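A single chain comes next, written as structure tokens; it is the form predicted on its own.
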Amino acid sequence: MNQLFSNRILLKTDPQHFGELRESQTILNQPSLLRARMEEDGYLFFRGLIDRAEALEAREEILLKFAIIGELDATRPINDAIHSRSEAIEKVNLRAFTQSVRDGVAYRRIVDHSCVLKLYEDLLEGPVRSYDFRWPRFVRPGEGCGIHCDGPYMNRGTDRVFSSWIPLGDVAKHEGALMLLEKADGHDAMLRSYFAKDADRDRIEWLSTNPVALQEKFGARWLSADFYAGDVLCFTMRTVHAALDNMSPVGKCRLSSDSRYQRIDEPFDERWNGSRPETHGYGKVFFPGLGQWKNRNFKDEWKPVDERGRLLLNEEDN
């Protein structure tokens, strides 16, 4: 196995500290078993739930847009997603650019794929909807994601919300795959105060940026997998997760999608829903990477922009 890092810290990958995600294809379309396993593990992992060709179509649609702003090496095929540091990013209207990525037709078909919606209808025992806001992630070499749970960011409506992490292309562990912390005794009790927070009201940062220390505290393994286009990983608002750092030796960018789902007839979080979602404030756009700030003011993922949508990062941030 390649050496694996998260938040630039080398992980322990022996069997006592690191494992593979349990697959759930065999219980698909069996609602009671799906609900029981979600309760037990805090996640469900499916191989090939979405047709591979559909996932790759969404990948190409998004990568074409990143190529236009110079983020991809123009000497390589676009679908290789080889990074090329763009000096044009500071001049791009990121508000318009990121909206065009989120609203792509092929990408939206993945978020609202019939197989994904059917899964959540089985879990929630009724009609479901995805959040109006969607989170496509373009992860450059060397980048990752801090450790957190989704609950504090999504808790102004119903608490019955699930997340999907969908790779848009093949993603090996060392290329930035998602990882989850295995549920352990006392998991929820140890995080009770964290779950009660509202991310915007309480201005929270990452739960941790040290995966080894957090693992020792909980006494649980990190779990991940080598993902393939069409796989779907689902988890709860209380599932501790992060990304492995993208350590691609060839400079390949990782492309994936986060999306959230709830019942249609339950209250929704206004930050992420409606014709003009509030998100974390209208002065920011979702554009992960370009530095690490421990997510102060959500800056690891949400970038401040001016009235024309241009980046407002100053030298001390880099």
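Note that the coordinates shown come from a computational prediction; the quantities given were computed from them, not determined experimentally. In this text, residue numbers run from 1 along the sequence as written.
What comes next is about the form predicted in complex with a small molecule, which does not appear here.
Taking the partner from the other structure, the small molecule in the predicted complex has a heavy atom within 4.5 Å of a heavy atom of Asp150.
Of the heavy atoms in Arg140, none are within 4.5 Å of the small molecule in the predicted complex. Heavy atoms of Glu60 never reach within 4.5 Å of the small molecule in the predicted complex, leaving it off the interface. Although the partner is absent here, Leu124 sits far enough away that none of its heavy atoms falls within 4.5 Å of the small molecule in the predicted complex. Among Glu278, Glu266, Asp258, Asp51, the residue placing a heavy atom within 4.5 Å of the small molecule in the predicted complex is Asp258. This chain lacks the partner; the member of Val171, Ala81, Val240, Leu178 within 4.5 angstroms of the small molecule in the predicted complex by a non-hydrogen atom is Leu178. Of the candidate stretches 140-148, 71-79, 101-109, 182-190, only 140-148 has residues whose heavy atoms lie within 4.5 Å of the small molecule in the predicted complex. Taken together, Trp165, Phe235 and Arg254 are fully in contact with the small molecule in the predicted complex: each brings a heavy atom within 4.5 Å.
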